[in-house]
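Take a look at this single chain, the form predicted alone, given in structure tokens.
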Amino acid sequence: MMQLTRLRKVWQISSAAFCYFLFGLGALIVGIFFRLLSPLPFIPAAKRQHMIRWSVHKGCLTFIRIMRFFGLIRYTFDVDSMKQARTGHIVIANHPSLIDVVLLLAVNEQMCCFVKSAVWESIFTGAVVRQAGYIPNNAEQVLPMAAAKLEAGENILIFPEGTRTKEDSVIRFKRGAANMAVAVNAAIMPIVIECHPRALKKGDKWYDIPPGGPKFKLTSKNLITLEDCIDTSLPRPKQYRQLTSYLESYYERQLIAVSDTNIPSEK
């Protein structure tokens, strides 16, 4: 029995390593391909950006399908409201796991993201994120850059927690998403990410996956406008705090409701 458990763990780690290798290789190939296309004058920059974001979407979708094939994850999506919403809004989500951004890009063909400096400078992903028009989170003019994209009708993905949810599962939002929404008067599309059991959380290794794989569910909610939740006549600093508090409470309620539905009833 112990030998069988070890074999399963070796298979799981090997499968995960293979999936991540394919992901990195795919990003590298896409980056090189579009870098070679960039000097060609008959492909406008906007068209090239659209093409590379579509490629990112397909790559992420392929990645999670391969992970599912190897039994590393399971997932379901209920994101019709996100697909039907008007453009020029901020997409926010809680952040329970390492692959949340991959799951979100797998269900949205055209979305702008903030990326960490490690991703921006990576040999595998750097060329892709630059040509996709993503925003480095350490840029000096982050807010004006994001505002320009929202006003141009793009949707921007933000994880208000700033990092993966901690072990205690308490939602702690920073003010970045609220600042941006208030500055541009942008609507907010909340996505609730469920992960049962918790896996690939902060502090976990990339291969720390429970047997059978965690099950992810992505659910998009109704679009939130600022007038729905805060007093927009207040000074901006108060609006930032009020909106951040509202969004924290919103996600706490959503996740409590989800947790209650997953508790088996007593017979």
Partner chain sequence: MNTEKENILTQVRETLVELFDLEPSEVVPEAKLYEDLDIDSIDAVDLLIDLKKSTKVDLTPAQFKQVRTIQDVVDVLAELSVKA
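What you see is a predicted model, and the numbers here were worked out from it, not measured in a lab. Residue numbers count along the first chain shown, from 1.
The next section is about a form of this same protein that is not shown, the form predicted in complex with the partner chain.
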Open item on the list: Can you tell me which of 59 to 67, 231 to 239, 27 to 35, 218 to 226 lies within 4.5 Å of the partner chain in the predicted complex, counting heavy atoms only?
Closed with: 231 to 239
TODO: Establish, in the predicted complex, whether 166, 170 and 204 all lie within 4.5 Å of the partner chain, using non-hydrogen atoms for the distance.
DONE: no
Task: Interface membership of residue 143, the partner chain in the predicted complex, 4.5 Å heavy atom rule - done: yes
Task: Proximity of residue 74 to the partner chain in the predicted complex, heavy atoms at 4.5 Å - done: no
Open item on the list: Although the partner isn't part of this model, could you tell me whether residue 130 comes within 4.5 Å of the partner chain in the predicted complex, counting any heavy atom of the residue?
Closed with: no
Open item on the list: Taking the partner chain as it sits in the predicted complex, is residue 175 near enough to touch it, meaning that at least one heavy atom pair lies within 4.5 angstroms?
Closed with: yes
- [ ] Would you kindly say which of 155, 97, 122, 179 lies with a heavy atom within 4.5 Å of the partner chain in the predicted complex?
- [x] 179
